[in-house]
Ligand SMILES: Nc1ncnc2c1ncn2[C@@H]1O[C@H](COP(=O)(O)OP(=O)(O)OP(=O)(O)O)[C@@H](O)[C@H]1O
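Coming up is one lone chain in structure tokens, specifically the form predicted alone.
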Amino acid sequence: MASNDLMVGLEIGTSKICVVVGESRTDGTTKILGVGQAPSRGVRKGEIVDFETAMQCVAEAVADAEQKSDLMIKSVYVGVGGAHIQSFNNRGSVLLPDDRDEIDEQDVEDAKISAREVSIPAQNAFLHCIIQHYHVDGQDGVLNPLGMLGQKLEADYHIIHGVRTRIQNTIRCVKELPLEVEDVVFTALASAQVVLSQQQKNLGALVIDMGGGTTDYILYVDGAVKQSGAIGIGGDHITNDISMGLRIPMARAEKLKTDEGSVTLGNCLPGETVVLKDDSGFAGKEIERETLNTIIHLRVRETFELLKKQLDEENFINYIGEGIFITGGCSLLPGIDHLAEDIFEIPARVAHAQTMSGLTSAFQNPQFATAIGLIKYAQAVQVERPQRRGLSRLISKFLPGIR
């Protein structure tokens, strides 16, 4: 197969490093060839806090993916997240000169530049500038203005930005391996590529990606991204609550959460317990199941309520006809969709990657949605623009002075 048919998605998560190798098919579908994983260390709330340790973990996950797929990985699309990610909507406009009335590619690019001419924090960098809608001489609903006649082109964009140095650290971590970074992508945007169909985006949908350290989100209305961001709470916070509340080691708390935990309250028999067997350095313990579920419920409720508060700053959540799609590791907690429905008062479901072939266990696991989504993003990008040297286009954006 041609090398440009191969794409690799890399997610450096708080709980795990995930590397997915995919092959782009001529019919537009993607086949998963291999999935590599490694426990994540040196990462907190989706951001690198110990560079050397994180780099070691990424190297392990890449080696695992290479072994599983029997291919050598040379370049990757990297997911970035964290509570530092912010977004806003803005309109850019451009007036055509008097001697010309046909809109060309430069006009479209100038409108995009105009939309980005806003003040963001000095330490931040633009991550994505996603088109929402075009307007030509006041005409709404223009899908592609190229070749149209008009005097004024306006373009609405959803703009995502984050702290430059935090994004740089992720890129450097990968580059040191050494691997080329084809692009950096906001994790929720990546997940949405495989969790949502185009029709669901058109009808309006909210994707909530609940990972180990953060909860990322992205909201679509009329096929366009309207809101996105992240909250610095994830599955590790639930584990920590269980560890503190029940006075058990973190490793035991994590296993208890994933094996026995639920978000739903009131479903247990009176006095029903979970027995933790004794182990080296741990005397064993009997836990009331309802107590465990209450701890989980309260933390997930808090996360959803914080997210709802952010979303309510705009009015877009009232226009999501397809409802809420929950993905990421925390989505595996039983009852999480029902709690989301209670808080947002909108239908919610747990979702995983769609329209994939190959390793069924990979694309049916919501934990891999982001890494697989990075491949789908890469596939779309390669169709839209000619092949260019990977890291070179990131240099001016994030890594000045690096070659």
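We number the residues from 1 along the sequence you see. Since we're looking at a predicted model, the values are computed, not measured.
Omitted here: the form predicted together with the named molecule. The next part is about that form.
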property	result
Which of 253-261, 310-318, 100-108, 174-182 lines the interface with the named molecule in the predicted complex (heavy atom within 4.5 Å)	253-261
Single option in 292, 73, 333, 205 placed near the named molecule in the predicted complex, where near means a heavy atom within 4.5 Å	333
Residue contact check: residue 379 to the named molecule in the predicted complex, 4.5 Å heavy atom	no
The named molecule contact in the predicted complex: residue 154, any heavy atom under 4.5 Å	no
The named molecule contact in the predicted complex: residue 213, any heavy atom under 4.5 Å	yes
Contact label in the predicted complex: residue 328 to the named molecule, heavy atom within 4.5 Å	yes
